[in-house]
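Next comes just one chain, in structure tokens: the form predicted on its own.
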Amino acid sequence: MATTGHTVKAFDSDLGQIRGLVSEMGGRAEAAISASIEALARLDLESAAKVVEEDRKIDALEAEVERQVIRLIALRAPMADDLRDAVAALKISGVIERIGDYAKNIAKRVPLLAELRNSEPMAILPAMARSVSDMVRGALDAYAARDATAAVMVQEADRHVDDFYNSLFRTLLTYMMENPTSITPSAHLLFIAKNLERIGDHATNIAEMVFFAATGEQLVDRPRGPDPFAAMAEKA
């Protein structure tokens, strides 16, 4: 990229606008996670429907980020660190859109779970959701600060979410065996837990992109344990 003061200032301004859009997307996605779980805990159909409707705004923001990043690359021809920043914004916006979709999917299952209002699995989900929300917030804060160290901390936090998921999976299997009439709603809770686990994975993906944008190096993937849900599906 040319190094005149005017060009650098224009690039920084354009990238700042893109970062603002990504931050707005992240804030909306984080709010959607909390709202979907709160709607689930209260079995609030109106609030759940609002989460589904609000997802359109996240989709629209992703489209705007894509448009602005393509324009930035075409007009400014960034290189090295600047190019990594632009590409990271594009990729992160796509990941945030998927996080919003998972929150929407949770909200869509709320009307199907009236039978499990006071069950033990329902009590575990909010704590898991808080851990996931903390990961998403941490990843977005790392992006805003271009903080590689904070990105590593997000990756490490994913272990806690995986522990929640594995514990909830075992609890739900036991609950279904002891209460055969609860199998269908419990299956929906399994999918909700899986959605939360995937949100944690996506927060880790954001952290990896932040680390690369900040350092030019890849963040080494941590070892992952087997997914009990996938193992059960393979045996089915």
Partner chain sequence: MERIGLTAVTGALALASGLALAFAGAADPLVVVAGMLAGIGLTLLLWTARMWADEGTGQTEAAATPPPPPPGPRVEDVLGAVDDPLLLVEGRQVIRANAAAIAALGEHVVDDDVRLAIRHPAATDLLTREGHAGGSVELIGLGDADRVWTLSVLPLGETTRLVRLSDHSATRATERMRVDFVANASHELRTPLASLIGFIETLEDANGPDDATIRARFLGIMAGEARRMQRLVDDLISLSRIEADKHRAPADAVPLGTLARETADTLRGSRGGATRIELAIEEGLPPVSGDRAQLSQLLHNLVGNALKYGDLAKPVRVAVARDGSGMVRLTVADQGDGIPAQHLPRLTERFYRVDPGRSRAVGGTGLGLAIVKHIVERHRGRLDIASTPGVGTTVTVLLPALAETPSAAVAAE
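Since this is a predicted model, take the numbers as computed values, not measurements. Residue numbers count along the first chain shown, from 1.
Beyond what is shown, the protein has a form predicted in complex with its partner chain; the following relates to that form.
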Its partner chain contact in the predicted complex: Arg137, any heavy atom under 4.5 Å: yes
Please tell me whether any heavy atom belonging to Pro185 falls inside 4.5 Å of a heavy atom of its partner chain, as the geometry stands in the predicted complex. no
Non-hydrogen atom contact Arg28 with its partner chain in the predicted complex at 4.5 angstroms: yes
Using a 4.5 angstroms cut-off on non-hydrogen atoms, would Ile124 count as touching its partner chain in the predicted complex? yes
Just to confirm the contact call: exactly one of 72 to 80, 87 to 95, 101 to 109, 161 to 169 touches its partner chain in the predicted complex at a 4.5 Å heavy atom cutoff, so which is it? 161 to 169
Interface residues of 132 to 163 toward its partner chain, as seen in the predicted complex [heavy atoms, 4.5 Å]: Arg137, Leu140, Asp141, Tyr143, Ala144, Ala145, Met153, Glu156, Arg159, His160, Asp163
